[in-house]
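As structure tokens, one chain now follows by itself in the form predicted on its own.
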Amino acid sequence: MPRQYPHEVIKHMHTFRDRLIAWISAASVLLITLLFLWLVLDIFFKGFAGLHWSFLTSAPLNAGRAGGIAPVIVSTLLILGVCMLVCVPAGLATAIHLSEYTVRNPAAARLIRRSLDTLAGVPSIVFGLFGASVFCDLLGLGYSILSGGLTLACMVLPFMIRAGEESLRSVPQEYRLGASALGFSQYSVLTGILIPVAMPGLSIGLILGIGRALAETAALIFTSGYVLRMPESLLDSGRTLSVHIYDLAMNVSGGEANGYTSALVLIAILVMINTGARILTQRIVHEVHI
């Protein structure tokens, strides 16, 4: 027979386990917060001295050791814009299809989800080789902002689709049933109820996608290149901030100072985009509740 413990002992054991879990959770949060602050403060103190208006508006000089990063910022925003222009509609449409239209074909839905999960784990260098082969060579786009943006879109789509699908699936089924009972069309249910209610989760997928796109380096070296000049069209080669930081840190002697300042600008852009996305999401959710 199993050993019987007094009720007081069992209660004490449960209390100890609860406290232990709380302590471990608090320690994990503290550790992650300290690592984040260490990283951000290190970049801030080493890069803030070189941050001034001319650094943001002038072209690089002496292989990036001097001058600014204006062409790099423009190239980064253009590549990110191409990526999001492809990812947002394609990712949202695929997420809607998986959450709303695959109920009668679960086998196909499982296959698509496993494919997306596999793509999410593919190394970025593989996407870079794919982009160089398909977009640069096969489609004749060459080393260009368009090739880099399309390659990033292939990388970001799995994250956005899965996040969007889970957000839409988390909307209570009663919303769909109530809308159907009132005679709403499927389009009205999607645009008026499901998408606005799922907007917080959709915004998280968007923020994760933007974060990966801004931080990507390996794939862009093979597709967009790293030419230090102001792009005149989407077919021009361009260097992103992440590639610029890598080049200053690894290939340019004496470029560490501008590398830290460029990293600070990259973090600032990411924070501004994330903040804007959250504010827009809160407004949409607020309007829905009203």
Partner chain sequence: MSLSLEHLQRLQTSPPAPLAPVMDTIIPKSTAHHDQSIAVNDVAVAYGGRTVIENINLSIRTRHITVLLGPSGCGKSSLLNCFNRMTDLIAHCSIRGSVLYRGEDIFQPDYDVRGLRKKIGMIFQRPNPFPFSIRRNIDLPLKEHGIANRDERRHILETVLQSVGLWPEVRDRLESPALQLSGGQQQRLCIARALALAPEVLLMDEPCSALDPMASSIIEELIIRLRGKYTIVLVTHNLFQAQRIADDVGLFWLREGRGSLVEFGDKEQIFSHSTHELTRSYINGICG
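Remember, predicted model here, so these are calculated numbers, not experimental data. Positions refer to the first chain, counted from 1.
What follows is about the form predicted together with the partner chain, which we do not show.
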Close approach of residue 177 to the partner chain in the predicted bound form, 4.5 Å, heavy atom: yes
I'd like to know if residue 192 sits close to the partner chain in the predicted bound form, meaning any non-hydrogen atom pair within 4.5 angstroms. yes
For residue 185, is any heavy atom within 4.5 Å of the partner chain in the predicted bound form, or not? yes
Against the partner chain in the predicted bound form, would residue 207 count as a contact residue? Criterion: heavy atoms within 4.5 Å. no
Looking at 84, 197, 73, 141, which is the one with a non-hydrogen atom within 4.5 Å of the partner chain in the predicted bound form? 197
If you apply a 4.5 angstroms heavy atom cut-off, which residues in 83-122 are near the partner chain in the predicted bound form? 103, 104
